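Below you will find one chain, with nothing else, as structure tokens; this is the form predicted alone, and questions on how it binds or moves follow later.
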């Protein structure tokens, strides 16, 4: 067995209505004035009331920053950090989807260490622990509640910036499936495919593959294949909601240790340029990225296909193809687009393609892909996905 390092610094708490205990959790870490980062929709929906009442019961009036866009950007991070400093906040409680989580994690950098956010861009540029952060996801997809990474959009440059450090991982993740009940079918499906992409890319990424992360990735995939169609068709199905939420966190831990790859690089570049939804964009690229990697990844994808029950063939090529076809069936079953044109992505000319390819090549995720991709390879995947 290869030498590996596995870490998961986030404490994970699962249970219905557990989000109401967030203030007590933060208080146990020494917090007195936590900044609640969320979005306007969640505030208006009333879904946060149990959490807010828990803060009030602790003798503190909730301090809320809700000006978070659907795609987290540098401007919103700076506003959140500045607001937290003005309010003398000593911790963060993040409640929302991936954009809220990434905004909170990045804002915590400036709230804790000061300086300009862009000073910390890149991997492992944060050397000191940050203020306590409690993460409460309201989607089952991003895994941000346990990951070491935040992706922040630079709107001026039309690119995604990566911030990565073990200190970015939230201290505690509270998984409350009740918060997912009102998630619409399309977003349920999109975030579920985001989680599946995390798991399937983590299996073959080249950072630190281990039996531990592989087990998490494969079990996460099993839960998503089994329960995502149910969660999509019936949002009140608490068993399905719970399973997909746990699966998302498992995949988040897996890719935090093993990395992702070309599918995420393609999705980041496409989302930055054309404002497409990250989970849906991952879903469109997923079968094409997997087939691109099969030559280098058929052994582990074949093993996964057999473990998931999609193939009994001991021929890894046959079994791997069965896994890709299972992904394609799942996309159709949950009603997600299968082509980029369905997302509103225009057919790019040669000059536009070259500019876009540069974003893909520069994305850190592509470094961990098991197969090196040339410019021609990247354009080929785009055209097949189009």
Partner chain sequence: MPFFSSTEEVQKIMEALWYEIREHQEIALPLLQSKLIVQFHYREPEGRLTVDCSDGQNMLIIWGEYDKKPIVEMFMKADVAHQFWLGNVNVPVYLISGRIVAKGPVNRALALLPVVKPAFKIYPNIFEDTLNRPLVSA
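These numbers come from a predicted model, not from an experiment. Positions refer to the first chain, counted from 1.
Keep in mind the form predicted in complex with the partner chain is missing from the figure; the text below concerns it.
task = Let me know the one among 121, 233, 78, 210 whose heavy atoms come within 4.5 Å of the partner chain in the predicted bound form, would you?
result = Here the answer is residue option 121.
key: The unique member of 258, 220, 139, 282 whose heavy atoms fall within 4.5 Å of the partner chain in the predicted bound form   = The option sitting close enough to the partner is 258.
inquiry  = Just checking whether residue 12 would be counted as a contact of the partner chain in the predicted bound form - the rule being heavy atoms within 4.5 angstroms.
reply    = No, residue 12 sits far enough from the partner chain in the predicted bound form that none of its heavy atoms falls within 4.5 Å.
task = Answer yes if any heavy atom of residue 312 is within 4.5 Å of a heavy atom of the partner chain in the predicted bound form; otherwise answer no.
result = Contact check for residue 312: no, nothing within 4.5 Å of the partner chain in the predicted bound form.
key: Touches the partner chain in the predicted bound form: residue 367 (any heavy atom, 4.5 Å)   = Residue 367: contacts the partner chain in the predicted bound form.
query = in the predicted bound form, does residue 361 have a heavy atom within 4.5 Å of the partner chain?
reply = So residue 361 counts as contacting the partner chain.
request  = Decide if the three candidate residues 5, 160 and 372 all line the partner chain in the predicted bound form, where lining means a heavy atom within 4.5 Å.
outcome  = Contact check passed for all of 5, 160 and 372.
query = Exactly one stretch in 177-185, 82-90, 113-121, 238-246 has heavy atoms within 4.5 Å of the partner chain in the predicted bound form; which is it?
reply = Selected range: 113-121.
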